[in-house]
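Take a look at this single chain in structure tokens; it is the form predicted on its own.
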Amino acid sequence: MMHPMQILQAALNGQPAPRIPIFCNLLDQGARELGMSQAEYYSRGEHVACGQLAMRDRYGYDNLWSLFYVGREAELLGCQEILFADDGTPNVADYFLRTAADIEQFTIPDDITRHPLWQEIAHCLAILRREARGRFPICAYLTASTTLPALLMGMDKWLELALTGPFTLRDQLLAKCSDFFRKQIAAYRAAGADVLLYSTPFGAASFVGMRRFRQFSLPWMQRDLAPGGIDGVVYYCGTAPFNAVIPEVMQQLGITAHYLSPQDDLAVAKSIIGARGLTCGVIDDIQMIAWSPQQTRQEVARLCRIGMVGGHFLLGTGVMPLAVPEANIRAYLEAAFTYGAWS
């Protein structure tokens, strides 16, 4: 019997497998599973690892996450406050780059792995790696250099700087963020992450336009990924649809695995990627909050019917809000194992 890592490799390579890979990104649910507040849960790498293992054991899907919350990257760079809420995802509460002088004086640590908060991430990964024993893909979340400033100064201020300048200051900040990205992806690889989700809405033409994607986003993405290459990297733009950029991402960056937006036309993505890479179809888990289990199953069936043509397909979720009912989580997974079987 093939284990999930082997099933993922089969999907990547177009080889036979009993079913498609099935990802279910249950993150904040881990705190609830362990009976902890979010602040307590995310304070220790051991808690996050245990929460991830407990959720995977409960539902039986394929992947494990080393992600605490996206704002963790900001904390590694100087953010002093995270807003925790038991009914939502933790968010940055301290945008510490407030002035041009802040940006000019901002520095990237020589060794991010010495930061106490990184050591908790590393501890989480060590536990996941030990327990997974190579059977389950371990995922890491990395924010691209063009998006990271939004976590450091707020999206409104970052968009103003990115679009109107001063551009020398913008590029100074981007270079620092790219340097951080390079250090972070190397650290995740060394710590044992298998799947490296490269996340940026600035990588979607639907967000920035095709001209700005080519002139602004693409060169910085090339810089981010140049030192370590693209092994294990998955392209992701959050909820922003990005079918339009997939040909250039494959050609210019070499990334062949694409974790789509629920808003993307899956059939179009499959026609672009084909057998050259992995198409990851994503169910709309915001809609899952209000759907019935039957509606959830019908959407899984639809995605599998389209995505499994020609193989090279993975079915996944987005952020899976805490408000998604238990019945719909189970309906998603039961349908995925049923409709995602090859025989």
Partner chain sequence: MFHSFIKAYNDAVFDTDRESALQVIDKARAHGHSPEEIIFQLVIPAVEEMMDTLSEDPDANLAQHFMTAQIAAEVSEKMLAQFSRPPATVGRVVIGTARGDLHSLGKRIVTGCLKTMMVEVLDLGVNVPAEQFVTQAIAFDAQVIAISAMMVHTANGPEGCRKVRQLLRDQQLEHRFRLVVGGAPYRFDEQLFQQVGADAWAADGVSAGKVILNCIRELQP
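In this text the structure is predicted, and so the values were computed from the model without any measurement. Residue numbers count along the first chain shown, from 1.
If you look for the form predicted together with its partner chain, you will not find it shown, but the lines that follow are about it.
Contact with its partner chain in the predicted complex, judged by any heavy atom within 4.5 Å, is made by just one of Leu117, Leu83, Ile103, Ala186: Leu83. Just one of Gly71, Gly232, Pro262, Pro137 comes within 4.5 Å of its partner chain in the predicted complex, counting any heavy atom, and that one is Pro262. Although its partner chain is omitted here, in the predicted complex all of Val92, Thr239 and Ala290 have a heavy atom within 4.5 Å of it.
Just one listed stretch, out of 200 to 208, 129 to 137, 169 to 177, 268 to 276, contacts its partner chain in the predicted complex at the 4.5 Å heavy atom level, and that stretch is 200 to 208.
Among residues of the shown chain, Pro18 is not one whose heavy atoms approach its partner chain to within 4.5 Å in the predicted complex. For the chain shown alone, Thr107 is not a contact residue for its partner chain in the predicted complex, no non-hydrogen atom being within 4.5 angstroms.
Under a 4.5 angstroms non-hydrogen atom cutoff, its partner chain in the predicted complex lacks Thr99 among its neighbouring residues. Residue contact check for Pro321: one or more of its heavy atoms lie within 4.5 Å of its partner chain in the predicted complex. The partner is not shown here, but in the predicted complex the stretch 148 to 163 reaches within 4.5 angstroms of its partner chain through a heavy atom at Met155, Asp156, Lys157, Leu159, Glu160, Leu163.
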